[in-house]
Every structure is written in C-alpha cells, then in structure tokens.
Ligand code: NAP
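Quick setup: one chain, the form predicted on its own, written in structure tokens, and binding and motion questions come after.
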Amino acid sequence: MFGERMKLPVNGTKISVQNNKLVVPDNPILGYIEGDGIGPDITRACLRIWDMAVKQAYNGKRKIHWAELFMGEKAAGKFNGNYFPDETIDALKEIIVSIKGPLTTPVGGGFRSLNVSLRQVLDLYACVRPVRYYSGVPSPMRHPEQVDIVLFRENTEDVYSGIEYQSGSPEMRKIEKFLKEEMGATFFDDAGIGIKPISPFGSKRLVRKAIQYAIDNNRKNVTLVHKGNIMKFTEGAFRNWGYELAREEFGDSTITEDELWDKYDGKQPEGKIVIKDRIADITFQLMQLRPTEFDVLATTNLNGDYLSDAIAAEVGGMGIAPGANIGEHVAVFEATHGTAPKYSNLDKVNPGSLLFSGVSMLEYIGWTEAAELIKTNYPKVIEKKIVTYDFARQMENATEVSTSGFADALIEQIEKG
C-alpha cells in the first residue's frame, strides 16, 4: 500500500492496537492529507505548530513522523484522475490515526462527497466535534465562555446513507408505486425520494462512544438530541435506544434526568452521569440561552450536522471549529470548513479549525501535554490581537497576519511559555 506514490517514514513506528486500546510509541507515524483549496496553506502552518508543541512538551523525547497521503485534487494528479484511491484508504487503516485538510465536494453534481465516502468506507461512525470558547476570539454571544460541549454525531446512517432516487427515474417510480399502492402513503407526484435508515446498532454504538467519553473526561451529562416527536420510528427510536444502551451497559455510571429529580432531588450524585434528551429544534435555542446545561451531545446525522455548525458560530465560527471522524480505533481528524478556493495559495486564512483538530488528535493518542500547550498559548496570541483577516475585521487595532504569520506567532508564544 506504500510505494512510489506514498512513502512510510523510515524512522517512525506505526501505532498498534492491543487489548482494544491504542499503543502509541514515542516516534509514531501519523498520516496527513493536505486537502484542496486552502488545505496546503493551513496544513503547512499546523504541522509546524504541532511539531513545536510536541518538542516543547517532551523536551525532544517524542516526535511525530508524518506520512503524506493523497485524496482529492492532489490524488487525482498522482493516481490517474482518481480522487479516492484505494491505496490511501488502505494507508489510513494501517496508520490508524490521521488528519486531513478540506476536500472538494461539488454541489449538485460531479463525484460523490469524499468526506461522506471516507466515513462510510472506513466505518468512521462517530463525528466528534468539541466546541469551546478561547478568550479573545470574536463572538456574537454575550457569554461565549459558557459554551463547552462535545458533540457526537452519528456518521453513517440517516439521510446521509445515500439511499435516494431522482424525480422521474425508473427507481423512483418503483418506490413511488410501492409506497402509494401497497403502503397507502400519500405525497405529491414526481417527488424525489430519500430513505432515512436509523438502526439500533448504529444508534447504540454512537451513544456508547459518547457516554464512554463523558466517563473518561469527567463530563456531567449526555443529552440525546432527536426529532422524535415527529419521526417516531427513526429519531424517536434513536432516543429510546440511547436510554436502553445507557441502562444496560452503563447502569452503574448513569442516571436518567427523571431519576435525578425523583431520587436525588435534583442534586447530581458523585460519579453519576445524567442521561437526558431534548428535541432538536429546542436544543438550538437552549444552546444560546442556557448552554451551561449541556456537556456532551449525542445526535443523529443530519441534526448533528446542523447543530455542530450552529454551536461553532457561538464561539467564533467554523474557522476555528475542530472535528474528527472516529471508528472503533481508526480516526481521521479534519478541518470542518470548506476549501475556500478563492483564497488558495494566498497564505491568508485562519488555520484554527485544522489546528484544533490536531489538538484533538494529540489528545486521542494520549499526548495531552502537547495538546494543552496549544490550548493554553493560543488565547494569549489572540488577546494580543495578532490574528488572520477574518478576526482582524471584527477587532479594533488588530495586527492582521498571514496563515504562516499566525503560526510564527503561536510557535513563538509556545517557546516562551
């Protein structure tokens, strides 16, 4: 799987899995995909920051050995027009932990979404989006510091599963005929049809990962977000299966919100995580009015897509929103924004989203000291108003710097710290 077009670093050692846990050497090989558009600019900047944080945190005793992998436009140039080469998929499995920049996803045509394909082919069933506020970042909220959640979005089912049929197509006609004549459904003629599968298996493994994260990271509650008041047998079932999973597998560690009030008079007992649920639309409102009530969110695919972006806006926008797609062990961390092709090769944009996805990656492999160095020093640079153009236009007397210039400033701050 590694050859002339992709090379494995000779001095690194691959991460392995033993007893269902990652085994990370001091010289791990991690994969990276530059991505399209602004991807190369932000990737170059972030690689420098991550490497400096690791060097500073461990006094040079640990070092990441980076393996460049190819997907998107750069892959097409190297693999005879193939944007999604099998060699890259095999390499992502072999390396286990990787990170990627944004990939081109044309609207309304062209090849299938690379991001969706990647999640499905590697079964990266949990999209994990930590959202927290860093001091000094411009925000539309009066108290953005109250926002500190981790969202677990189911990644493989729901309307993203790709089961849909174009209006007027033979396949659509078959489905239309079956639904109307045999199932008694009523809807307008010539409708495009999409099917929304949500399963016990897919729902439970997502909720399992969210609850385990809450336990491992001393979070107080997990909220199941759904639209079960309308879609009772899909969204409503997600809610019910989530409670069932919590009761059956985490009964010693969790209580329901009803139990919190009925048994404990609203006082959360030590060592217990509260499992609760909220309708999706009201969650949007509550995340603005009472964000401190939420800690970990577990949600279906489409709701999670909307909600993660909306919450990111509360703490500074998609430009600094991190994300990861995680399976049982294989994980691909990613910039959550688009490719912004008009800014390609201008060394201009904010690298924050990819940067903090890399912070999550460092935490995932257990290198929390390096992750903490970035999280601690990032706001110090922002408070000095040394920022890229997107923040500079929202601040008075800011010093606007390039992508690489911001990396220089943060690296200098980490070295000082």
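Just so it is clear, the structure is predicted and the values come from calculations on it, not from any experiment. Residue numbers here begin at 1 and follow the sequence given.
We do not show the form predicted together with the named molecule, though everything after this point is about it.
When contacts are defined as a non-hydrogen atom within 4.5 Å, all of I38, D390 and R393 contact the named molecule in the model of the complex. Note on the interface: of 366 to 374, 24 to 32, 349 to 357, 61 to 69, the segment with non-hydrogen atoms within 4.5 angstroms of the named molecule in the model of the complex is 349 to 357.
Among heavy atoms of A340, some come within 4.5 Å of the named molecule in the model of the complex.
In the model of the complex, at least one heavy atom of K100 sits within 4.5 Å of the named molecule. Using a 4.5 angstroms limit between non-hydrogen atoms, E334 touches the named molecule in the model of the complex.
Interface membership of P144, defined by any non-hydrogen atom within 4.5 Å of the named molecule in the model of the complex, is ruled out.
Contact annotation: of the candidates N115, T234, N301, T283, the single residue with a non-hydrogen atom within 4.5 angstroms of the named molecule in the model of the complex is N115. None of P130, P85, G319, G327 but one reaches within 4.5 angstroms of the named molecule in the model of the complex through a heavy atom, and that residue is G319. Residues in 73 to 87 all lack a heavy atom within 4.5 Å of the named molecule in the model of the complex.
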